[in-house]
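Let's start with one chain on its own, the form predicted on its own, as structure tokens.
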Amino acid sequence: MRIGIASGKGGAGKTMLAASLHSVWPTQHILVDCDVEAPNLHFFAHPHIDQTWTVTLPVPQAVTEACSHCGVCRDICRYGAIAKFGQNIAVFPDLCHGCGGCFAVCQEKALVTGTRELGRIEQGSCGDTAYFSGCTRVGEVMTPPLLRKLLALLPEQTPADVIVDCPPGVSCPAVTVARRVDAMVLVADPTPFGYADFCLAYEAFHALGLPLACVLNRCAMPGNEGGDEKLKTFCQTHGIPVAGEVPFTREAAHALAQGRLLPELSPDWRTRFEQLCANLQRIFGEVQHG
């Protein structure tokens, strides 16, 4: 089973949760960092990287003298990567989404194929746990092709579970990953912004038909008790099981700032996350990959 750890906003605590679950998960599993615009799961998991390679995208780079200036390549492009200025065709590779439509419609085969670097993929291990991660090139704004390459490395049939640290929010990167997991854990930040973004995340991932569960992070924050109850009421109303709560404590904040995992702080903390694992396995018990 592939379990995505997602959130409606950045900073809600999904990477903390993914790393903590990894440290106490009772069965064999694979750990994947799909937050490719700001990957930081390695700060907690400390993987040993065995392989690193660059991912590129085929893009139009120029036009040759064979170009008839008909403009059909410009007409098919919905991303502004090809423009026509008078009788001149200009290409803008950084805007290309790699659909290949321009190459398909060019009768003269006048477009020169180039490549644009999207980022890199890393593969390694955390002890006995296989580890995969991606990181976009600085300045690259399109991450779904990199994410698809990253997720394609995962074996389709495996006895191991997969814990996926998803991109934050509900835009294209998050949905790209959501379409390739079997269930989703939504990490909720019980602040006004966190509540609003959690509602958006529910709408996005529920629409995909994914089984959902919720983990409340930073619970019992002084002066924000109403935020906890508001989130719990939303979950109850929409049938989202609350798998666990992570309390708001200075001890936890200090540990995370040092790159330490919460289950390592004390037996009580470890028991809390072991119970969370058990709850998630119970909630998603009937879900199978594919």
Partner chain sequence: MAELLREIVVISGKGGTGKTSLTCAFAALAKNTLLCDLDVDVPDMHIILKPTPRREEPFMGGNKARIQEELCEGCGSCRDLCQFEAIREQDGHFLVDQALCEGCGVCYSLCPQKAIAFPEALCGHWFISDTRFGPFVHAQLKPGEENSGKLVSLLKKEARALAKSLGATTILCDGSPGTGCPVVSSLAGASLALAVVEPSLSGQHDFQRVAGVCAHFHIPVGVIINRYDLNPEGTEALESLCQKENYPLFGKIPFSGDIPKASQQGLALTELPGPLAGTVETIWQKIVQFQPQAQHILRPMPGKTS
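Numbering follows the first chain given and starts at 1. If you're wondering where the values come from, they're calculated on a predicted model, not measured in any experiment.
Just so you know, the form predicted in complex with its partner chain exists too; it's not on screen, but the next bit is about it.
The contact residue chosen from L210, L153, A160, V175 relative to its partner chain in the predicted bound form is V175, the criterion being a non-hydrogen atom within 4.5 angstroms.
Contact with its partner chain in the predicted bound form, judged by any heavy atom within 4.5 Å, is made by just one of V63, L262, A243, V36: V36. Using a 4.5 Å cut-off to its partner chain in the predicted bound form, each of T115, S171 and A204 places a heavy atom inside that distance. Remark: H254 counts among the residues lining its partner chain in the predicted bound form, judged by a heavy atom distance of 4.5 Å or less.
Proximity of C135 to its partner chain in the predicted bound form falls within the 4.5 Å heavy atom cutoff. In the predicted bound form, at least one heavy atom of G8 sits within 4.5 Å of its partner chain.
Interface residue remark: G124 is not counted as part of the site for its partner chain in the predicted bound form, having no heavy atom within 4.5 Å. In the predicted bound form, I76, R78, Y79, P93 are the residues of 64-93 with at least one heavy atom within 4.5 Å of its partner chain, listed from first to last.
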